[in-house]
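Here you get one chain, nothing else, as structure tokens; it is the form predicted alone.
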């Protein structure tokens, strides 16, 4: 649905994004990176608010800048907002439905359905000026999907939401993805989007550092061994057994809790395939916990930007 080919955008001497190439298809894609990484510039290029300085950006095979045919198929929820505080949520979404060109006979039902979809029916007829940040986020999503777009872009949509609100918004976005729509979620809070999708575009200083499934990306970072943490009733014995395996680089016992150890390996698949038989071969050994502290977005990001 979206293609970038060597796309760059400069603001005078300041680089917004630099030589970015990649594709984005259906499903949820997280656009990740710290503040100033180029996420908002990328979204503005995709939504046609900016024209690339060099390179090419295409949405549905067309350049989005100044292209009303592309705009009709896009939904956008910017991080900043200029809501009409004297309007109710229903009035604002209704106004934007008219602006999107929805047939008049369908608007009232469509507005009611989308407001209900984001969990705002109870406050739909209250003025936006009295909304919390989380309520504003929800009503903003309602206006972003009112015209049933094929591509929806949300810039920091989870800001201001409580844990329940984040889960409910995530459910809305998953529902759109299941319909075959392209949903792009921008965030600098890694753990928030990690629960939503494993498909990422990772930006740093205007450059695209990685794209794809975070677990596959982690598997390709050969210069950093995989860490695996284990809690066992016989951690010392387990460490002795594992360190003898050729695929284990190191095994270190926890200085405080002698039931915990951490190993490093460059062949995690080999470790996971052999680990059950290793435990079974040791009488009375019980494993209480097994996980990899490396298999998360924060670790992937840290490894890539420090490489």
Partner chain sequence: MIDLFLLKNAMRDMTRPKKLVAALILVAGPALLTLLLKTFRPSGAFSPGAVYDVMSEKVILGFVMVILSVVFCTSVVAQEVEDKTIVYILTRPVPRYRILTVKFLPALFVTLGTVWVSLIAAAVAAYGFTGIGHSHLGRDLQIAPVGVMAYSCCFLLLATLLNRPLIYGLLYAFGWETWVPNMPGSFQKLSLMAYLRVLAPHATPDPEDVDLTQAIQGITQDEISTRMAWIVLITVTIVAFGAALAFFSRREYVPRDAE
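Keep in mind that this is a model prediction, so the values were computed, not measured. Numbering follows the first chain given and starts at 1.
The same protein also exists as the form predicted in complex with the partner chain; that form is not shown, yet it is the one meant from here on.
Options 68 to 76, 159 to 167, 226 to 234, 177 to 185; stretch whose heavy atom lies within 4.5 Å of the partner chain in the predicted complex: Of the options given, it is 68 to 76.
Practice task
Taking 4.5 Å between heavy atoms as the contact cutoff, choose which of 135, 209, 196, 96 touches the partner chain in the predicted complex.
Solution key: By the 4.5 Å heavy-atom cutoff, the listed residue in contact is 96.
Contact of residue 49 with the partner chain in the predicted complex (heavy atom, 4.5 Å):
Result yes; residue 49 sits at the interface with the partner chain in the predicted complex.
- Query: Taking heavy atoms only, is residue 41 within 4.5 angstroms of the partner chain in the predicted complex?
  - Reply: The answer is yes: residue 41 has a heavy atom within 4.5 Å of the partner chain.
Next item on the list: Examine residue 100 and determine whether its closest non-hydrogen atom to the partner chain in the predicted complex is within 4.5 angstroms.
Entry: Within the cut-off, so yes.
Quiz item: Hey, in the predicted complex, is residue 291 touching the partner chain, heavy atoms inside 4.5 Å?
Solution: No - in the predicted complex, heavy atoms of residue 291 and the partner chain never come within 4.5 Å of each other.
May I ask you to list the residues of 4 to 36 that have any heavy atom within 4.5 angstroms of the partner chain in the predicted complex, in sequence order? Those in contact are 9, 11, 14.
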